[in-house]
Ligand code: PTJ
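Here we start with a single chain on its own, the form predicted on its own, put down as structure tokens.
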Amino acid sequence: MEEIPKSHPRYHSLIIRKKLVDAFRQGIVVPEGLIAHGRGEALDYILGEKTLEPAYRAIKAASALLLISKKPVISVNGNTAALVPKEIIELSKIINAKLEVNLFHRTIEREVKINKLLKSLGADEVLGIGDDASETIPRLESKRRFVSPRGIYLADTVLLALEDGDRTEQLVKMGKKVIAIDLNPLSRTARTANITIVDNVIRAIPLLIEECKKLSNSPRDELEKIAYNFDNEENLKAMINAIKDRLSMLTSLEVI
């Protein structure tokens, strides 16, 4: 494949697309994942492809919650594995979280390939592979219902990205705290999660790493205050207003 010139105005976007296409050819990402990314990229255009202030607030609250959680789990799908594999491994070690593969279009072949990729990049253990996903999330019919009894099933907090809303709803009903990374502030996932980071996963995960490091030595009561005083509904409203303000500023067609 021809190398993407760094002078291209859409260089970073094209690099992300290339990562996904390469992962698709490797069997890590499915065609539906490419479609999902296209939808997310369109939404990211609206954000100006940058992290807005409400997202920073959500990232701080999410970091505090992850640091005080006793059994945090990072849920990994194909797109996440393709785009931020090193970053989710680093984050998992900072917050002492387990990594668990959980796929809507689930096959043992994809699970094994994602497991191999994460292990090659330094992951100590990856849950949810094959027979390890022996528990089920109640009232969920998709293959996402299969989870590890040592991971998502017992987790007190689940961090997930690029998600569908039905699993988020059921995880919350199970009493778990859910942190979602979702570019759509109007989605069912965004509205159901306890903390929603409306941002691109390629920016959100590195920012979570940075914030978790910054807060890691903070007293527990301070972290609890940050996490539990966060109002997800109000923050989503603030994000929608920030998007409206940005769109109103674009009085003429902006070439991006």
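These numbers were taken from a predicted model, which means no experiment stands behind them. Sequential numbering from 1, following the sequence displayed.
The protein also exists as the form predicted together with the named molecule; that form is not presented, and the subsequent description refers to it.
Shown here without its partner, the chain carries 126, 132 and 148, none of which come within 4.5 Å of the named molecule in the predicted complex through any heavy atom. Segments offered: 169-177, 115-123, 151-159, 77-85. Contacting the named molecule in the predicted complex at heavy atom distances within 4.5 Å is 77-85.
Scanning 227, 47, 209, 36 against the named molecule in the predicted complex with a 4.5 Å heavy atom cut-off leaves one residue, 36.
In the predicted complex, at least one heavy atom of residue 182 sits within 4.5 Å of a heavy atom of the named molecule. With a 4.5 Å cutoff on heavy atoms, residue 30 counts as touching the named molecule in the predicted complex.
The named molecule in the predicted complex comes within 4.5 Å of no heavy atom belonging to residue 194. Remark: residue 105 counts among the residues lining the named molecule in the predicted complex, judged by a heavy atom distance of 4.5 Å or less.
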